[in-house]
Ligand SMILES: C[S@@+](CC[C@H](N)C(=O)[O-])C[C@H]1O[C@@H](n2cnc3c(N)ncnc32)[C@H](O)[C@@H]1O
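As structure tokens, one chain now follows by itself in the form predicted on its own.
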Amino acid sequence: MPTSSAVEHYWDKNVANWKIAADLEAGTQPFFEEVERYRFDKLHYLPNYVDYKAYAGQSVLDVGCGLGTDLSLFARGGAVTTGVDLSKKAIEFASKNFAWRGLQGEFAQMDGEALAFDDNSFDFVYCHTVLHFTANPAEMIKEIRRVLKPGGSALLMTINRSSWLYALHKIAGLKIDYLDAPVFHRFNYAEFDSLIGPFEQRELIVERFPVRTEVHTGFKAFLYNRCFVDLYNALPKRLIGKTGYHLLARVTK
């Protein structure tokens, strides 16, 4: 199993590697704005499952905060925000992101599998696009539960092995971002349900169905955008219900 230093080194190199903003200087206001636009165009489902404005005055922890894009939405809604990431570069970028927005937040380089916070510290924990990149996802989930206050909740997310995107990857060689990361776990629905077992109150959701690509080009991208996306999303929900690329869990301690 790769060491945490190998994972840290990889994300130090890749945390700001956003193709959509390749022509913009990383760490600048236009860069952060374009990354946010693209991320929430692509992940348009997220506001359906988390109300970023609902945590005013409450303590919110983002485990694996990356550039601070998602955490900034909580801060804009009045939450008391803390972001941690294994990557030092991520923390530097997240701090810059908050600074130009005029937002307050605490940031620390930290391993999500060994959070340096007391038990029962946070009202809400957010962990999106992280669990599949950590060496021991079960340990990270255990830590998230530990630092949540009694009655506190979390939004967790990982990658669905039984998804449309993995099928296209195997059949047509469709590129999956960060598949070369030192750690890249894939779970099916039952496996993820078992992984979040420490939370007795949990809701498992399958999301992230095809949307048009802005960053890929060529004939495959043309067919994907012009044919596959609309045809797939037109299929009956009973056929595609558990084939989304993202597995989400809303859990309560």
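Values in this document were obtained by computation on a predicted structure and should not be read as measured data. Heads up: residue numbers just count along the shown sequence, starting at 1.
Although not depicted, the form predicted in complex with the named molecule is the subject of the following passage.
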In the predicted complex, the residue from Arg39, His185, Arg202, Lys220 with a non-hydrogen atom within 4.5 Å of the named molecule is Arg39
Can you pick out, from Ser163, Thr158, Ser72, Ser87, the residue that has a heavy atom within 4.5 Å of the named molecule in the predicted complex? Ser87
Would you confirm whether the three residues Asp123, Ile144 and Ser153 all fall within 4.5 Å of the named molecule in the predicted complex, going by non-hydrogen atoms? no
Is there any non-hydrogen atom of Lys149 lying within 4.5 Å of the named molecule in the predicted complex? no
Does Glu113 reach the named molecule in the predicted complex, with heavy atoms at most 4.5 Å apart? yes
Taking heavy atoms and a 4.5 Å cut-off, does Val130 contact the named molecule in the predicted complex? yes
At 4.5 Å between heavy atoms, is Val229 in contact with the named molecule in the predicted complex? no
Among 133 to 141, 96 to 104, 74 to 82, 165 to 173, the region lying within 4.5 Å of the named molecule in the predicted complex by heavy atom distance: 133 to 141
Within 4.5 Å of the named molecule in the predicted complex, counting any non-hydrogen atom, which residues from 186 to 206 show up? none
